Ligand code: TA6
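Take a look at this single chain, the form predicted on its own, given in structure tokens.
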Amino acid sequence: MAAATSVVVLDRGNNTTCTINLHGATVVSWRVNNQEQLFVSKQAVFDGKKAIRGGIPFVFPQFGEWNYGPQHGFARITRWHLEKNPERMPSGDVEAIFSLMDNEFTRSMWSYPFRLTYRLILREKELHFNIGIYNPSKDLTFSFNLLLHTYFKVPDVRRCQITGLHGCTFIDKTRDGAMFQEARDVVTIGEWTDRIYQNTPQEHIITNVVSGRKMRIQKYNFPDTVVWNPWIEKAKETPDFGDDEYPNMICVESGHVSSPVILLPGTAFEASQILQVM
């Protein structure tokens, strides 16, 4: 039975796989021709309680600190349901669908009925994410944040460049949330970085990821892009993150976080992302 396991694997053949932990529906591995594309800390905790440090945690219904529950919301620390087992499509691509509905645990923090669906498609050099959020209520409107907290694995973060951020305004969480405008053509990282870039374009490219390749991010209905690296001091302060791991990861996160999505009764919201190894 699928329900008894905690890990689901999509296998496309040719050593191209995607592994999802049902705790948070967290993508914990994406291998393309046997090369891991995602960073997971060696100190990540897999206890079915704590959020998994790395891969692609699913942030909902709150981004950041939350008065009513854990940071980044409950979706990343709740066990999801495997709605549709991995299945090979005529194209050879492999698809699986995960879902989460309100339950006693979620309602203890956030008293709204909701339904989330998360469809993953593993292609030859791409991973597709399709998210649907539905409000089944007859009379309650709710608002939420949504973000895919992707940790990319890189040989040296100082050599990465991120395109598509020139001219965008950003909230700098390392400087008390002050607003700035990005003047650089490409963004590089050489210090503690925690920024919410607003109204970003639908595509970013990150250079010098695994094996010196490029990673393309395409996104739809995700108006924000968060860029994060804890650097030396913050890495030391984080118990489930190795002190020396920060050079080997970069978070470039598609989100809807600087303003919330407002979902009226009986309506749905959809967002999607495609990651492509170039």
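Residues carry their position along the shown sequence, with the first being 1. This is a predicted model, so every value here is computed, not measured.
This next part talks about the form predicted in complex with the named molecule, which is not shown.
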Among 123, 173, 79, 119, which has any heavy atom within 4.5 Å of the named molecule in the model of the complex?
-> 173
With the named molecule left out of view, which of 228, 30, 222, 39 would have a heavy atom within 4.5 Å of it in the model of the complex?
-> 228
Only one of 69 to 77, 99 to 107, 86 to 94, 135 to 143 has residues with a heavy atom within 4.5 Å of the named molecule in the model of the complex, and that stretch is 69 to 77
Within 4.5 Å of the named molecule in the model of the complex, all of 60, 256 and 270 (non-hydrogen atom) | no
Tell me, yes or no, whether residue 129 is in contact with the named molecule in the model of the complex, where a contact means a heavy atom of each within 4.5 Å.
-> no
Looking at the partner-bound form in the model of the complex, is residue 204 within 4.5 Å of the named molecule by any heavy atom?
-> no
May I ask you to state whether residue 194 is within 4.5 Å of the named molecule in the model of the complex, using heavy atom distances?
-> yes
Is residue 151 a contact residue for the named molecule in the model of the complex, using a 4.5 Å heavy atom cut-off?
-> yes
